[in-house]
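So this first bit is one chain, no partners, the form predicted alone, shown in structure tokens.
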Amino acid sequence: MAVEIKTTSVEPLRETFSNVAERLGGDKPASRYQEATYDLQPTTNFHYHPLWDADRELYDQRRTKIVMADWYTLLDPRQYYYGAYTITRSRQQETMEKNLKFVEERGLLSSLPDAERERLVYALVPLRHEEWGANTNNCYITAFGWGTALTQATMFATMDRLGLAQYLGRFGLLLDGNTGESLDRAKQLWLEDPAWQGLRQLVEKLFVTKDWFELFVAQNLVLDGLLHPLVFERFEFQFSRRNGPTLSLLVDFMTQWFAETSRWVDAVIKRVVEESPTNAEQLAAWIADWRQQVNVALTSYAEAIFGAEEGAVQLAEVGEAFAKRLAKLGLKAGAQ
């Protein structure tokens, strides 16, 4: 008895969803990112205005001063939708867990002099509170922002910031032998230490910033753009030069995350600038305002972790690099 095996190819009736096909200019194959992004923002069939803001729809483009003809042009260059995002972060977490295990098993932190361990507690562990603030701020942007192209990315950023806060907490536990003393110490520093009060005040001011895109600029562009290079590049380099590469292992995820996330933030800002001169002018004004506030907030902190003279130098150099970044985005006024 002969068995004949045949294969049959099935031609799809259409390549993608109709709303995606309209954006692609025809029924063409679309990426998973495109299908998971375009036109998912609810726009109709709201039965009532929210009681807490009766003059606006539940989702309303007027909640920010920025005006876009199409908010779906603010695409994420990383092409993150849920699947791609979780796979990427899972792999990074595996690497980070190996780094943490390596440091713990070999006692690389416990072998440091007491003064150096205290320096790490002072400089890094209280930042878990700032990262929790960034988590809250990105959650606000996700709730009130408009267009899935942006809000799904800010939701991923929301969870990233929670992860960063947790990693900073784990650093503290490695430093104190899992007693939790460093976390209590970090909370006290955050609430009471003079060098931390400028940053804490800034985070609390961000909590009450109503315009969600202004908050995006203040948190994800300005504060992150000045704070992360100051701590996870310059402080890390200085500390590792004196004490070996232990800290480099512990902040490897922070370094990779900032470089990756900056690509997304820059792409969003650049597209908004290109949309209109009005948008560019508004962004420049916001950046100038928040940059001044961030510099004031970071001055005492930088002096505390680097020393008075060195702290001023490090903060100035971070500012120069940030100005170059803004200029590349077409924001020369904001780069002043």
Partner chain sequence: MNTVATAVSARAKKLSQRRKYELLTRGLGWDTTYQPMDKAFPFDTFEGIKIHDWDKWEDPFRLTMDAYWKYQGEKERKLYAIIDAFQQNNGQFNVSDARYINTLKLFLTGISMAEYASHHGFALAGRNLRGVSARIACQMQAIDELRHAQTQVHTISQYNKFFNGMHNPAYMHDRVWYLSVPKSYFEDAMTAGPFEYITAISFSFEYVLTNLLFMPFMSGAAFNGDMATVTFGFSAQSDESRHMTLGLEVVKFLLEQDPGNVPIVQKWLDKWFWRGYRLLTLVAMMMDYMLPRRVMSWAEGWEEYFEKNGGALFNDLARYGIRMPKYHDVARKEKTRLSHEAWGIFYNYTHAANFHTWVPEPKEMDWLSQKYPDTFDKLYRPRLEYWREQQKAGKRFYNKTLPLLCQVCQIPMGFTEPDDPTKICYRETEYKGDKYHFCSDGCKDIFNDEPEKYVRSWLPVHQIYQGNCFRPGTDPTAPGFEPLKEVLQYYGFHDGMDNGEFLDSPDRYNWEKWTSKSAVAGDRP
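Numbering follows the first chain given and starts at 1. Given the structure is predicted, the values throughout are model-derived calculations rather than measurements.
If you look for the form predicted in complex with its partner chain, you will not find it shown, but the lines that follow are about it.
The three residues V103, F239 and G307 each lack any heavy atom within 4.5 Å of its partner chain in the predicted complex. Think of it this way: in the predicted complex, its partner chain has a heavy atom of just one of S262, T246, N99, T142 within 4.5 Å, and the residue is T142. Contact annotation: of the candidates L175, V251, L124, V217, the single residue with a non-hydrogen atom within 4.5 angstroms of its partner chain in the predicted complex is L175. The closest heavy atom approach of A69 to its partner chain in the predicted complex falls outside 4.5 Å. Taking the partner from elsewhere, H47 is found to have a heavy atom lying within 4.5 Å of its partner chain in the predicted complex. Among heavy atoms of T64, none comes within 4.5 Å of its partner chain in the predicted complex. Using a 4.5 angstroms limit between non-hydrogen atoms, W132 touches its partner chain in the predicted complex. Comment: 37-45 is the region of 295-303, 276-284, 37-45, 263-271 lying near its partner chain in the predicted complex, near meaning a non-hydrogen atom within 4.5 Å. Contacts between 155-182 and its partner chain, taken as any heavy atom within 4.5 Å in the predicted complex, involve M155, F156, T158, M159, D160, L162, G163, A165, Q166, Y167, G169, R170, L173, L174, L175, D176, G177, N178, T179, G180, E181, S182.
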